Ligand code: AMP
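Only one chain is given next, in structure tokens, and it is the form predicted alone.
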């Protein structure tokens, strides 16, 4: 018997916010992986989730006691074009739990069958996107990036048809909230100010309780808090070479977590204009555009909140514009603070930003491997020696990089850290292993074509400890050979 203390506060918002939906049962579910460690963190270690009943829940064959599954309503801008009704087309919110630390988390099935929002889709997911999201979201958590989490992945014993028949799967994922910018847009488009306010109050109580202590307009403080979290999140993406792929407003969590890992990827060779999504033909969501898109999405959120920011619409617009201006300042602060540390600078100097930008320009020009550049840099001493050869090998023409390296070493003399201490601090924030596209694709191919999940499990194990060089696993840190390069990823619908 499953013992999950479900709560369902989202249902109290009212029927306009969701459609009650039961998952569609599947033929022969089997566990691919169950996240024991996450279950313990959630306080569900003794809930019986790794049992036949747990498998039945994760596959949609059993709705456990206390769960009230719903598909959530939302709208969104997709590649800049507004769609007034999207909603959970292949996901179901089972309910919420409160963890031992007092945090509320949603439990959601993804790929559990059609809903009222499926728009003629089958509501299912193929195995590949499930494995990709499991690997990347758990890698993001291990890297210290705010993110949704993966609790379980199961195969369904049924095929789904995309370009061809593919094995089906269901992901169970966890978030502190699945409310999106698009959720606010759904009600603002309909002119339902009361629903927008109700939703804002709900998110404030759940995800931003400190806002309740403000002496001023709580909705202004709420918008400011969302803006700050989003600025910090996107700065972390940029510092790791992560490309979300589809930063539509319906894929942007107001809780400040990375959400909806569709055509996402970590870069190999650095390229500011890198795009992985097969449908992003104009580069709207390229790596270098992500900070600006974050601001654009927040502007759309601000529009929905205007009636709550001030009684006079002109005053409300000024307030929103001021807050959006702060976004740029916050992003620059978080980005520069993190990038300083990535190159081993722990006392701020005005010359640091040009030094960082010069390195990135050289990397971009020569397509140097993003993660390896910073990892190898973290191994260098303040004085030139033979260890430079490893990082220099990443640059086809190393003259520009050699000049930068000399500047960097001069700059290091202005800090007080020893080489050993600086290297330790750099290696604590520059990962050895990231979820590289070619390794994810190899794991997916083995699972789809041979039913072999051992490459997936080994890759997952490596990615849970990304800051350590693991003996015998050195191949996971390497960039792909030419024939292994993956140029596009897909959302899975």
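Positions refer to the first chain, counted from 1. What you see is a predicted model; the values in this text were computed from it and never measured.
Here the subject shifts to the form predicted in complex with adenosine monophosphate (AMP), a form of this protein not shown in this document.
> Could you tell me which of 74-82, 265-273, 364-372, 411-419 sits within 4.5 Å of adenosine monophosphate (AMP) in the model of the complex, going by non-hydrogen atoms?
Selected range: 74-82.
> Under a 4.5 angstroms heavy atom criterion, identify the one residue in 192, 388, 122, 159 near adenosine monophosphate (AMP) in the model of the complex.
By the 4.5 Å heavy-atom cutoff, the listed residue in contact is 122.
> Just one of 323, 179, 86, 200 has a heavy atom within 4.5 Å of adenosine monophosphate (AMP) in the model of the complex. Which one?
That would be 86.
> If you check in the model of the complex, do 185, 295 and 304 all have a non-hydrogen atom within 4.5 Å of adenosine monophosphate (AMP)?
Result no, not one residue of the spot touches adenosine monophosphate (AMP).
> Should residue 423 be classed as touching adenosine monophosphate (AMP) in the model of the complex when contacts are defined as heavy atoms within 4.5 Å?
No, residue 423 stays farther than 4.5 Å from adenosine monophosphate (AMP) in the model of the complex.
> Hey, in the model of the complex, is residue 90 touching adenosine monophosphate (AMP), heavy atoms inside 4.5 Å?
Result yes; residue 90 sits at the interface with adenosine monophosphate (AMP) in the model of the complex.
> Report yes if any heavy atom of residue 118 sits within 4.5 Å of a heavy atom of adenosine monophosphate (AMP) in the model of the complex; otherwise report no.
Contact with adenosine monophosphate (AMP), yes.
> Does any part of residue 290 reach within 4.5 Å of adenosine monophosphate (AMP) in the model of the complex? Heavy atoms only, please.
Because no heavy atom of residue 290 falls inside 4.5 Å of adenosine monophosphate (AMP) in the model of the complex, the answer is no.
> For the stretch 221-256, return the residues whose heavy atoms include at least one within 4.5 Å of adenosine monophosphate (AMP) in the model of the complex, in the order they occur.
Read in sequence order, the residues that approach adenosine monophosphate (AMP) (within 4.5 Å, in the model of the complex) are 250, 251.
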